[in-house]
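Next up is one chain by itself, shown in structure tokens, the form predicted alone.
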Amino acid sequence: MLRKDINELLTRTGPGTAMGELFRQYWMPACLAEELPEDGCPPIRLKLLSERLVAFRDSYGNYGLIDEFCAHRGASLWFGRNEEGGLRCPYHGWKYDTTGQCVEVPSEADNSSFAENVKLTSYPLVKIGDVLWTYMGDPASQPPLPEFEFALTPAEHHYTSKRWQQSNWLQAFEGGIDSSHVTFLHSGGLKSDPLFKGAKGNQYNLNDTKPFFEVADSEGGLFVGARRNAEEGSYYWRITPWVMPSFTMVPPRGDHPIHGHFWIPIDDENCWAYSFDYHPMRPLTEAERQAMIDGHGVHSKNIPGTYRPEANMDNDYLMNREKQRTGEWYSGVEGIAIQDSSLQESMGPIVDRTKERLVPADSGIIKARQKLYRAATALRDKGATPPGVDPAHHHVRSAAVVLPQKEAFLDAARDDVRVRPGFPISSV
């Protein structure tokens, strides 16, 4: 169980909250680059950390992320006209550039300096890979840009999607570092999903339902090791890295691409699940990319024109009791991503952790909560820079390895869990 006050601290991410301030120390995904596909395209609404914003790409190709509401009378700038290097409010014509600076107030005299004194809240927006990243903290403390391997590979090597999840970010994130549920919830996917099936490690997953967990500290977060029996005298280890505050990677399977996630708070009761696949050594095949588009692996099939999954809370996730009974889909829900989100959303918008009963298999979740709490309170009380801000902390990989039983997992797999350009992933 978790004390109520700690649960509140870890789940509330709005302005002025301890966890909200923690998230504001990092570069984080704001939207996909495909949402602003060309210069001068329509703006989009965004809500991040409970702040309502609009993102736009001006006629010169500059990206902006600014307060949604015009400083004049509060009209939404989502209705804005994207023209000549700025976004113009259609109500009275006030115009803003990508920094939020008001550059024109048509009702004012030509020699008026009024516009110079009007500036909306704004945040930087930078394209790296498929993602537009933002930093919402103090500009004076802005860290270097993120260096996660998936985003820095050539475009043909990676694919990124996102989906709206109707739950607090923490219960979504905790699923990302929980390897014990795979043997049950995703057992059908290990046999049939085109981005999972065929790996030798799948049999170790399915044959051993009692994984033993070890958790090792890292500069940026944790390495969560899940150990299962393999051949005589050896263990199969699946090693999940977590980089604070919410980057996780799924250990690989065979020569399939590596999967991973960011869990980004929209507000306290909703989050974005950004899901990526990449292969550091080769381009994704046409079949792999199509499988991702079709919602296999860690991705979801979304309602066209939106980022809401087709299988969602309103239609009971298209539950199929017959396939649940036969075991084709262990929970009766199709797809790895929706199997996770359906159960995480079923907990309610913010799960009451004072009622939970944890077991040793939850050691990664326990230690992650402790590290988040320590970092958030150290930032609040002492101004301490949290782990994971330094881009050097981003150079991690997940790994799946078979090791002799006598070897400590992180000592033996230290090279396997760090980015080594030109070296393949460690997978079984």
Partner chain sequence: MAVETQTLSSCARAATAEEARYRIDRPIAPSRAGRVVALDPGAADVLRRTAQHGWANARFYVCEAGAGEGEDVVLRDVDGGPATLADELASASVVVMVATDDTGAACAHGLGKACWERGIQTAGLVLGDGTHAGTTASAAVAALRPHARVLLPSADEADVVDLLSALRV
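Residue numbers count along the first chain shown, from 1. Just so it is clear, the structure is predicted and the values come from calculations on it, not from any experiment.
If you look for the form predicted together with its partner chain, you will not find it shown, but the lines that follow are about it.
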| item | value |
| --- | --- |
| Options 75 to 83, 341 to 349, 275 to 283, 123 to 131; stretch whose heavy atom lies within 4.5 Å of its partner chain in the predicted bound form | 341 to 349 |
| Partner contact for E231 in the predicted bound form: its partner chain, 4.5 angstroms, heavy atom | no |
| Contact label in the predicted bound form: N315 to its partner chain, heavy atom within 4.5 Å | yes |
| Proximity of F148 to its partner chain in the predicted bound form, heavy atoms at 4.5 Å | no |
| R227, heavy atom within 4.5 angstroms of its partner chain in the predicted bound form | yes |
| Residue (of R380, H395, K367, R52) lying close to its partner chain in the predicted bound form, criterion heavy atoms within 4.5 Å | K367 |
| Contacting member of V243, M136, V298, V215, with respect to its partner chain in the predicted bound form [4.5 Å, heavy atom] | V215 |
| Residues of stretch 234 to 255 in contact with its partner chain in the predicted bound form (4.5 Å, non-hydrogen atom) | W237 |
